[in-house]
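Just the one chain here, the form predicted on its own, laid out as C-alpha cells.
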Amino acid sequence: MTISESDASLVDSTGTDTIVELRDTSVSFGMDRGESRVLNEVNIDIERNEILGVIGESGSGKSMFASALLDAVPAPGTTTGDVIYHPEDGDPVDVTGLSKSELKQFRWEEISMVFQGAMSSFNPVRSVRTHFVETLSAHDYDVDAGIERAKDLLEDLYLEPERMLESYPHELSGGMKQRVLIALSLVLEPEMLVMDEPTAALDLLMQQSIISLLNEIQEKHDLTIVFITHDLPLVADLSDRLAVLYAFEFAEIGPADEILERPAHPYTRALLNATPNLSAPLEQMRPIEGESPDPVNIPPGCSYHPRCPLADEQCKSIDPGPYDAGDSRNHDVYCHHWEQSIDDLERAFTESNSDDSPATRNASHSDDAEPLVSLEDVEVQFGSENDGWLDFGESDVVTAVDGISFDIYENDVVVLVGESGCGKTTLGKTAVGLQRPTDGTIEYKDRDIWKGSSGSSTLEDEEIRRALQIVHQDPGSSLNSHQRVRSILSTPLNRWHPDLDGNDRRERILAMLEYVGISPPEDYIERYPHQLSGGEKQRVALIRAMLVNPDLILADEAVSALDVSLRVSIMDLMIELQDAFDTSFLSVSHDLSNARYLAEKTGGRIGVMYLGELVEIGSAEQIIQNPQHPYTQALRWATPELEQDDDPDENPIRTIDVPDQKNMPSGCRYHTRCPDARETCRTQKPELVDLSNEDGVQRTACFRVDDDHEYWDSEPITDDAVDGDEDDDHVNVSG
C-alpha cells in the first residue's frame, strides 16, 4: 500500500536517492521468559544502486534485519516501526502494510532475496528450469521471455545456460547452486537484492569469484544490493557502505573506506582486531572479551558497555547517538566516546586484555627429530569397486587422496588448506586412523597403525586409538544433545582412566572447564549442549579430546563454524592446550587467514591440497609471502583482506569450478585452471621439489620452479584447448 500524506514526514528525509528507509523498526518474539527483541528500533536509509554490507556476529540481528526489509519475519514474530520502499517511479510504499497478495508480488518483483543455504532453497525433485518456470508463472510473467532472461543471467554468472536449466540441484556443485539461485532471484528484474550470508558455505575461490560477479551484475542491472555477512573482510572491497550490527542495533554506519581506516565505534575496532587476515601482525589480532547480550535482557544505555574498555556511567544509562562522525558522507556512530583517537582505543583494548595471547614460537622440531606420525604414499579411494556388497553396478572410483607423504612431529602443527572436495578431511581422518588407506602406510612412532587389524576398518590398537583424536567442525552435532556436559566429559575418562573415582573425575573436569575459560564450572557442568554458545561448545569438544592426553589431534575445520570474533580466541586456546599437554595438531581449514594464524603462531607448516594431491607445503612465512605453486597463489589472491584494494590483481585462475573427481585431468591436475599451464603440464605429473632456504621450509610440485625444465620450451595451453580436450564441462572466466 502507498503511504498517506500524513506520513509524508517519514519519506526520504535524507535528501539522497533512497530506495528503502527504516524508522524505529523492531522485530520481537514473545517467549515464556519475556519479550525477545531481535531487532531493536533501528534506523537506516538504503541508497539506490549502492552495495550496503551489513556486518555482525551470529545472533546480532542480521537475518531479522533482512526479513524486516521484506516483511518476512516468521510467525510468531512481529515487526513494528516503519519500512518504506521508494520505487523509481510512483508513490512510496509502506511494506508492513501490504496485503498477502501485494507482498507476494513485492518480494520478487521489487525486492528479492538470496538465502544462505542454496541447497535448501531448491526442490530436489524438480529441474532448475522448473524452478524458473514456476517463479515466472506465479507472477504472471511471460515464461518464454523469462527463460531467455534466465539464460542471459546464467551466462552473466559464467554458467552454461542449457546445461544448468536441464540439471537437478543435486547435480550441481555448491558454487553452481549459489549462482543459479542468484539468477533465479533476478529473473523478475527486481530493484533490490538482499543476500543473507550467500557465500558462507563456499570455498575461498568460489567466494571471491561470486563477489567479483556481483560487482558486474550490480553495474549491468542497476541493482541495489544488501549483502549480509559475519565475515568483514569478505565485503570490504565489495561494499560502498558498511553497517555494523551489535546486539540487535546498529553500532556504526558509514562509507566502507572510512569505517575500515578510521573506525569510530569500539566494537568496530574490536571486530577488526579479532579478524584473522594475511597482512596484519599477529600481535594485533585479539579476541573480543565477553559475550553478546541475551535478546530478552538487552543492557540499558549502550548495549556494548559490558564489553567495552571505554565504558563509563554515561554509557551504562544513556542510549548513545547517532553522532555524525563522517568526513565526506554520512557516517553515523552510536558511541558517546567516538571522538577518541584510534590510538586511545588501541591502548584501552591492550590494557583490557587480561589474558595475553600465546607467544609466537619458532619451528617446533629439529631436522634430526623422529616423526610422531609418518605418512608414506597414502592413497584413499572410494567407489563401488571398494564397497564389496554395496555394489550398485557402477564402476566409478574416486581417488580422494593420491600418493601423499609427509611427517608430523611432537608438539607440531600442520594445517591443510584447499577447496571442498580436495581431500583435506579424508587425509586428516586417515592420519588419525579413522579411515583405512587403500594403499600406503601410516606409522605412529615407527609402528604401522593398521598392522594386526586383519582387514578391519576399525583401528584395533587401543594405545594408538587413544593417542590419535579428533575435534569435529560442528561441535553442536558432535556433542550428545541428550547428555549434560558432565556426562560428555566423563565418557573418555571412564574409558581411558578407569582408576579414577567419581570425585576425581569431577574435579578434573571442573579444572579443565576453568582452564579454558568456562566459568563458573559448577554451573556449566550441569548444562546441556543447547545451553552453550558456539564458542563454549567448541571448548567442551577440545576438553573432551584433551582429557585422554593424546599425541595428535585432528582439528577438522574447528573454527570455521564460529564467528570471526571467536576464531582467534579458539585458536589461542588450541595453542595454549598444545603447550600444556605437548600435543600436536593436524588442522583442516579452507581459510588461508586462519591457517596462517595457527601455523605462524606455532612455527608450524601449511600444506596445500588440490584434487587429492599435496601441491605445496612449507612454513607459514613461505606459503603466505612467497607461494610458488599457481594454486597457492590463487588461494592467496582469493583470501579477502580488510584493506581496500584500488588496483586488485588480475584473477589468477582460468575457471571457477573444480574438475569432476571421476574424470581427473591428466598430468598436472591443476593445468585445466592454471593460467601458466603449458603442454608439458598436460602430460607430465610434477613431483614435490625442495625449495627450503633460510626463510623457511618449502616444497612445491610445479615445473615452473625448475629453470631448466622442458616446460619452458613447450607451448602454452589456450582456453580453447583446455575446453576442447578436457571432458569436464568447465566454463571459462577471465580475470
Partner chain sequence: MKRSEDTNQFDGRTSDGLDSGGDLETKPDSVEDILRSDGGTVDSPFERTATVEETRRDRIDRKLKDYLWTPWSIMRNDWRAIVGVSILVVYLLIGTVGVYLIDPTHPTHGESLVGPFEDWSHPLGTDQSGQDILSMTVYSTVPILQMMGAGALFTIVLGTGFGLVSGYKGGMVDTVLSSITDVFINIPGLPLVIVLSVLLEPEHPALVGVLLAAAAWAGLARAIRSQVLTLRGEAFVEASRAMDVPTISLLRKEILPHLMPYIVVNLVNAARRIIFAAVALYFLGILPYSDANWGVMLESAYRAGAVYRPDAIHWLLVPMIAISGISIGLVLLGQSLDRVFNPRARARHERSDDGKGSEPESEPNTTNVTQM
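Positions refer to the first chain, counted from 1. These figures come from a predicted structure and were not determined experimentally.
Only in words, not in the display: the form predicted in complex with its partner chain, which the text now covers.
Screening 566, 238, 408, 310 for any heavy atom within 4.5 Å of its partner chain in the model of the complex leaves a single hit, 566. Taking a 4.5 Å heavy atom cutoff to its partner chain in the model of the complex, the contact residue among 160, 189, 379, 294 is 294.
Remark: residue 280 does not count among the residues lining its partner chain in the model of the complex, judged by a heavy atom distance of 4.5 Å or less. Although the partner is absent from this view, residue 539 contacts its partner chain in the model of the complex, with a non-hydrogen atom inside 4.5 angstroms. At a distance threshold of 4.5 angstroms between non-hydrogen atoms, residue 681 is out of contact with its partner chain in the model of the complex. A residue is said to contact a partner when one of its heavy atoms sits within 4.5 Å of a partner heavy atom; residue 61 meets this definition for its partner chain in the model of the complex. Residues of just one listed stretch (310-318, 543-551, 205-213, 146-154) have heavy atoms within 4.5 Å of its partner chain in the model of the complex: 543-551.
Not one of 301, 325 and 599 places a heavy atom within 4.5 Å of its partner chain in the model of the complex. Residue 248 is the sole member of 238-273 found to place a heavy atom within 4.5 Å of its partner chain in the model of the complex.
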